[in-house]
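Only one chain is given next, in structure tokens, and it is the form predicted on its own.
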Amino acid sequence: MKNVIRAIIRQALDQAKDKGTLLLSDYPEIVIEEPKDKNHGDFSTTVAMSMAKTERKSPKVIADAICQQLQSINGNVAEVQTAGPGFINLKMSAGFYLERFLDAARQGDNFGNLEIGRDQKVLLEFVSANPTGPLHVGHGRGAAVGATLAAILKKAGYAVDSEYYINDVGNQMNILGRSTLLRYRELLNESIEFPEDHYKGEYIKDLAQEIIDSHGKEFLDKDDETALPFFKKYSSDAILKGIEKDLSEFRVNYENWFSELSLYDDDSVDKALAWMRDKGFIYDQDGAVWLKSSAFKDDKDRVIIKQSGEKTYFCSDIAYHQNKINRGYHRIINIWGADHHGYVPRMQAVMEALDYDLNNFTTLLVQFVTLIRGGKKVQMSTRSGEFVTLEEVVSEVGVDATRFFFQMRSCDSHLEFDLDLAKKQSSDNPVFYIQYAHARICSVFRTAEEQGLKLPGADDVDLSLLKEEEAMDLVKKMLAFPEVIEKSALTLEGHRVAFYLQELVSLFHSYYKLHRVVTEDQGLSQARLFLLDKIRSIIRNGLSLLGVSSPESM
């Protein structure tokens, strides 16, 4: 809508130039805002103030000249006035909105589809939890944020690949295998001492019991080094399979599952290090290999190969991100947990060393989640190996509520997840409130069908019958949907969609309380049905982006 208003103002500027009231030696930037006070109109602009210097006139004189031309443009502008030192306030006509609403209705579910990302390939990596345990609620929030962002970017026209990076190399995998092996021996009545730094969750005992059920005492007579490879592979495969299952049930799917081990199998890690060494970006010191990351605004250089010869996670990440670049992505986005904040500068240093435009490399950090039950925080401790899993939360409140609640705040804000509220069937629960609006509209259509009232087409409906202010408020809010998609895509902020839906359904519920949809007046009934049908479509589309279902009855 703001682009449409800009075009109208440009037309007014051209007319003012043709009539000699403005020089218009250069087109100014036209900033459009929506006044908080409805009495000030639908839109406002400061364009007159930005033109004062080049026009050599006061902003108020320029604003008056623009207003004079706006009043004559195709009946689109109902009211226009100069305010303050040179603001221009516009109130658009009902016909202006209804004409665009009909165009939106003709687009059906494609309304909101954009082309701002056309011909741009995006790689979106998210979750990427180590396959050493089930997903916890923090991973769940990252999954919801990533999946929704992928959906929004696709709707905005980008070609998006979602990717899960499997950290299946390194000491944590050895510790996983050894943890399961020790529990295996313990369950078979061997006396063992379980190390403090090993994985202590009940899921490790469950894995050990599975191996006993399928292999019995086969490994009791084998030394740890002989048995360890089997236990490591069995445990990581089983945990990864569980992760895939949890994510799929959470409506999160990926185009790619990328194994860290594959970077070693095809020598990508060694090739990346050789490339970096040839460029002079790595050096040897104190028996270790270092990246000159301080040359790229990191606070210090980083070890990539330890004195022991062991390659660090950072070493693999260099090769992984070089692989991302080589796959031809125009934009690379990582979504990591907030505990990775210190890792961001070194990865930016790597990307800069790899000659990748940092404007096209983004890392979003997902802040922690606090679960609330009965007004009190739910204890979540990973030190003991016990933590609240994503599966547990989904089992308690459902996928819909979990997906929505994870996106009720910007991902860089701490989130308090009220489990009791998520289960509540009232207007206090935002996801219920939105879904209920969709179900209520579906119920209205069932009533209309029972009375033989059909939904008219865009060419048959008479929208001029919608004279209520509340109806026009709904039309304006619906027409803002493409702008919400655009802003969400450009800022990488999926929570904007959740906010928008809450505002839209609030207007709908208010409208529904005041105005019967199916009335004795067939024309008016059809106009209101037409209005509700588009509301229903946008709710369905918005919830789909958030990974939330749209029930037809509740």
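These numbers come from a predicted model, not from an experiment. Numbering starts at 1 and runs along the sequence shown.
Just so you know, the form predicted in complex with the RNA exists too; it's not on screen, but the next bit is about it.
Engineer: If we define contact as a non-hydrogen atom of the residue within 4.5 angstroms of the partner, is Asp286 a contact of the RNA in the model of the complex?
Structural biologist: It does: once the RNA is placed as it appears in the model of the complex, Asp286 has a heavy atom within 4.5 Å of it.
Engineer: Wondering, does His515 line up within 4.5 Å of the RNA in the model of the complex on heavy atoms?
Structural biologist: Close contact exists here: in the model of the complex, His515 approaches the RNA to within 4.5 Å, heavy atoms only.
Engineer: Taking heavy atoms and a 4.5 Å cut-off, does Ser510 contact the RNA in the model of the complex?
Structural biologist: Output for Ser510 is yes: heavy atoms within 4.5 Å of the RNA.
Engineer: According to a 4.5 angstroms non-hydrogen atom cut-off, is Pro85 in contact with the RNA in the model of the complex?
Structural biologist: Looking in the model of the complex, residue contacts with the RNA include Pro85, since a heavy atom lies within 4.5 Å.
Engineer: Is every one of Leu240, Arg331 and Thr389 in contact with the RNA in the model of the complex, taking contact as a heavy atom within 4.5 Å?
Structural biologist: Looking in the model of the complex, the three residues Leu240, Arg331 and Thr389 all stay beyond 4.5 Å of the RNA (heavy atoms).
Engineer: Ala439, Ala353, Leu182, Leu273: which sits within 4.5 Å of the RNA in the model of the complex by any heavy atom?
Structural biologist: Contact with the RNA in the model of the complex is made by Ala439 alone.
Engineer: Which one, Ser426, Asn359, Ser191, Ser214, lies within 4.5 Å of the RNA in the model of the complex by heavy atoms?
Structural biologist: Of the candidates Ser426, Asn359, Ser191, Ser214, Ser426 is the one lying within 4.5 Å of the RNA in the model of the complex.
Engineer: Among 339 to 347, 231 to 239, 275 to 283, 150 to 158, which stretch sits within 4.5 Å of the RNA in the model of the complex, heavy atoms only?
Structural biologist: It is the stretch 339 to 347.
Engineer: Where, within 34 to 66, is there a heavy atom within 4.5 Å of the RNA in the model of the complex? Residue list please.
Structural biologist: Glu34, Pro35, Lys36, Asp37, His40, Ser44, Thr46, Met49, Lys53 sit within 4.5 Å of the partner.
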